[in-house]
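The chain below stands alone and is given as structure tokens, in the form predicted alone.
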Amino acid sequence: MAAHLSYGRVNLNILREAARKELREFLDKCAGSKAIVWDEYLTGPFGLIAQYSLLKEHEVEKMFTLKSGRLPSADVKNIIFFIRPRLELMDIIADNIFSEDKLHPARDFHILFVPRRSMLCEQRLKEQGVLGSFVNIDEYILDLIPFDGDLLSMEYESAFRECYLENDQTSLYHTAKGLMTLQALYGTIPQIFGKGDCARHVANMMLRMKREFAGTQNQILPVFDTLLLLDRNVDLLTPLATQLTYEGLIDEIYGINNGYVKLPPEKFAQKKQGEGSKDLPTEPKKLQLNSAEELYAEIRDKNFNAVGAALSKKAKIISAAFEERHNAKTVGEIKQFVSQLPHMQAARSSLANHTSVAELIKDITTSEAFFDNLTVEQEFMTGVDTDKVNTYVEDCIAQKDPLIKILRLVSMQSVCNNGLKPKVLDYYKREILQTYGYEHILTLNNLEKAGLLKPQTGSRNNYPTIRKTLKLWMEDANEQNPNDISYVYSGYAPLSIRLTQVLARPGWRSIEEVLKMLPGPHFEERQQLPSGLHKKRQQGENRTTLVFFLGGVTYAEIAALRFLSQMEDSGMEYIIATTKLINGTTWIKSLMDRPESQIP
């Protein structure tokens, strides 16, 4: 049982259990011993739903990663492919089956598409002559995966690219389906607000799906009061900025994947007294990051500058608890101390880990390079010299800094200036192509198409108006004891979260003019509830809003929403859902046309 999923306002364990139940049912369809062949991308998301122990209970004896050629030998009756519906993967499966048949005529093959079956993929298997080899072809609908007590993600990495570059709305269909699943478990969401074209599409699909199921009334008392659908392209600026919360920085520097981070091992080596450091570990240290760990839940959303103080305070509390053993005189007191020992030791090791992580991050955040980069970002966000070539960016290109860093900065300048003057844009493009290679012309083209790097058209720059009206820049943001969401970027309040905050109070009517300046329509829909299911709100009871980011969300935005949930007078609790957890680097990478070949 993943207890941390049920701590929050909404018990997300219900969703996890529903997903586990379906998985068990599928595994039981394939009677006898089994080996699973995994599409590598799926192993992380599946790990959040079911550990190996669950698979083992259902006779899964071996697990392999999908690769061409022969499958490793396994003395099992069933081979099950867990796979995303991608054509290139079908060719690998066909290759596996051809090399298999000659050796083991008696094995049964099954294929489980995640999250949907695909006619095109089945057609490809048919063309390859292997479709008939499968006993079962099924789909496992894994849309929204619970990552934490208030966080769901579809981990659909190409959603933004598909929507804005390829005009492919598959991810929006999956989103609408995922939201229908959520409503089946947690009740119909009475109010839907949205901003952006993709948000409009998702809402339309949901309403259509609801009409199609008109005969079946959902009799569950609604858990959510409101759903807010936000397009990522309504706020292109936030993911480009460097996140300054503890969790955000871990993600920016090391990358958090499916709730885990891999860190350089040197900092975590346990040195025994009198020993040299001859046997340093070489394997990266893998840490799980979620609110099940008390200390992490406490510090994850703090601005990094407030983390040191929180860790030293915790250290004092822990050492005081250990000192208690000297005061334990009676058998009863000793017994009580011993019973608390496992918890205290876990707290001590958690503190040691996070102190090491904080040291690793501090080495970077105190460097001159980090400071210079941050200074330029903050100048762009406050509108300083955004209309001319930036000398820092020029220097970074001349020193051949990582291309993604350059693309983030130039895109940020473009977004804060509502496009760049044609001669500034041409200069940047020329410099980038001459320094990093002409193959990147495709990437620059993609960034332009997505609205990140574009020439200025005749229209005026609306960003300063948006910044002032929504108070996106707050001077002297309080990082230690924050009183506003701008602490997550040390001064910049994420536009997406300001929109969420204003919607709760005083409402979007108060910012009608600004909403018109942002891309896409804004709308409100109501879903009828069956009689008797209207909530009777208790005095002082908070409302619950599900905020769904279409195209990705950053950890800093999540921290800002958690901050709003915790504010005494907000009267609102937020649950966050997204197509993908992103940071500026992974987001830009998803828009690049040959990312793996050139990223240092």
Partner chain sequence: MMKSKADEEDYWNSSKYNAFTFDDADDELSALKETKKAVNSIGPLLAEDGEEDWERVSWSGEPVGSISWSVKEMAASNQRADREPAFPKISTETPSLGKSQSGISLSSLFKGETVIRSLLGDPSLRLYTPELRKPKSEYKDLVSDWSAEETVQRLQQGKGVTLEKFRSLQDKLLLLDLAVAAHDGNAITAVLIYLKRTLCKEVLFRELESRQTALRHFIHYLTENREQRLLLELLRALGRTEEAALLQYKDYKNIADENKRRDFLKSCLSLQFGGEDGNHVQDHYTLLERQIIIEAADRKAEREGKLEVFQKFPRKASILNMPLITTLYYCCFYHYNEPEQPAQRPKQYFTTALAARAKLKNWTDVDAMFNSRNWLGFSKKKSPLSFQRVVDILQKNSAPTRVLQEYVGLVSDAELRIGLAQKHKCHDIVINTYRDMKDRQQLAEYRKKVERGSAEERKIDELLSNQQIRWKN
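If you're wondering where the values come from, they're calculated on a predicted model, not measured in any experiment. Numbering follows the first chain given and starts at 1.
Not on display, but discussed next: the form predicted together with the partner chain.
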Query raised in the report: Tell me which of 138 to 146, 524 to 532, 510 to 518, 456 to 464 has residues with heavy atoms within 4.5 angstroms of the partner chain in the predicted complex?
Result: 138 to 146
Report task. Have a look at Lys195, Arg498, Arg408, His201 for me and say which one sits with a heavy atom within 4.5 Å of the partner chain in the predicted complex. Result -> His201
Report task. Check each of Arg505, Lys286, Lys335, Arg211 and return the one that places a heavy atom within 4.5 angstroms of the partner chain in the predicted complex. Result -> Lys286
Requested in this report: Would you check, heavy atoms only and a 4.5 Å threshold, whether Val331 touches the partner chain in the predicted complex?
Outcome: no
Query - Exercise: Asp476 in contact with the partner chain in the predicted complex, heavy atom 4.5 Å - result: no
Requested in this report: Indicate whether the partner chain has at least one heavy atom within 4.5 Å of a heavy atom of Phe548 in the predicted complex.
Outcome: no
Query - Ile253, heavy atom within 4.5 angstroms of the partner chain in the predicted complex - result: no
Query raised in the report: Thinking of Ser33, Phe81 and Ser99 as the candidate spot, does the partner chain come within 4.5 Å of a heavy atom on all of them in the predicted complex?
Result: no
Query - Within 371 to 408, the residues that have a heavy atom no more than 4.5 Å from the partner chain in the predicted complex - result: Phe371, Leu374, Thr375, Gln378, Glu379, Thr382, Val384, Glu394, Asp395, Ala398, Gln399, Lys400
